[in-house]
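Given next, in structure tokens, is a single chain: the form predicted alone.
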């Protein structure tokens, strides 16, 4: 309850900040709608020339686009603003005050700045997933839908964990300002199904840098391509990624001695 109260307070503060700049919010939402239309136009162009892409139909790629946009919305709402703030705090010493507050440092680092207007991005992403599922509803099963929801949630956690690890590296490399850029580049690999990549690259984006677990794999579960043991295996990968990221974060905190040191 203590953590929930802190989180709700941070959300309230960010809502007040967004309401102070209503015109910016309207412009940002308008740009978001335009980019969504552009993504759908790109898919329509692809499917005017082919019936499938890597064995995936139009509806499945629309659902994949929705999953991609959902992960991207998480990145834009939390990761981008808080990374910039964290990197600045590392150099000017204000991170010291954050670590001294009577609250978990990871909670404050993750949610101090939230782009509240990005909730529209979440709505658009979920709408795309529903539309994509409706377009390819032939083989849907209850098990597939449940596996999709479970793997999608674990994929979001995986991407968040990768970000935590990237932030922790800043404790060793103070000028590591490219942590968001690296994540952006990695995320782009999840825009299309992993099956379009050669086997060696597919292995990298699935197990070494598991971006596909946040995008392609949930839709594969929805398509009924995964066995129960594969779902458990991918969930196990998520647990490992979270555990390793938290260990890196704690190691970084132990190394950090303050800006004045």
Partner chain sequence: MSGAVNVEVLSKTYRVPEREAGFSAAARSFFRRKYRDVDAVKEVSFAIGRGEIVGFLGPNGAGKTTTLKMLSGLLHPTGGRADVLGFTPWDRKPEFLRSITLVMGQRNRLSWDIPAADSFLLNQAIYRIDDAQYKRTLAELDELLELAPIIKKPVRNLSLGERMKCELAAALLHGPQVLFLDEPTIGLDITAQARIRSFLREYNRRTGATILLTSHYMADVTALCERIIMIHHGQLKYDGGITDLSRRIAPVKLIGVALRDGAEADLTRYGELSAEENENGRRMIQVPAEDVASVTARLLSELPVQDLNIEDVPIEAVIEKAFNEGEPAQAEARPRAEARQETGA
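Numbering follows the first chain given and starts at 1. Everything numeric in this text was worked out from a predicted model, so none of it was measured.
Although it is not shown, the form predicted in complex with the partner chain is what the next lines describe.
- In the predicted bound form, at least one heavy atom of residue 17 sits within 4.5 Å of a heavy atom of the partner chain.
- Taking the partner from the other structure, the partner chain in the predicted bound form has a heavy atom within 4.5 Å of a heavy atom of residue 13.
- For residue 127, no non-hydrogen atom is located within 4.5 Å of the partner chain in the predicted bound form, even though that partner is not displayed.
- Proximity of residue 25 to the partner chain in the predicted bound form falls outside the 4.5 Å heavy atom cutoff.
- Stretch 101-109 is the contacting one of 117-125, 67-75, 152-160, 101-109, since its residues have non-hydrogen atoms within 4.5 Å of the partner chain in the predicted bound form.
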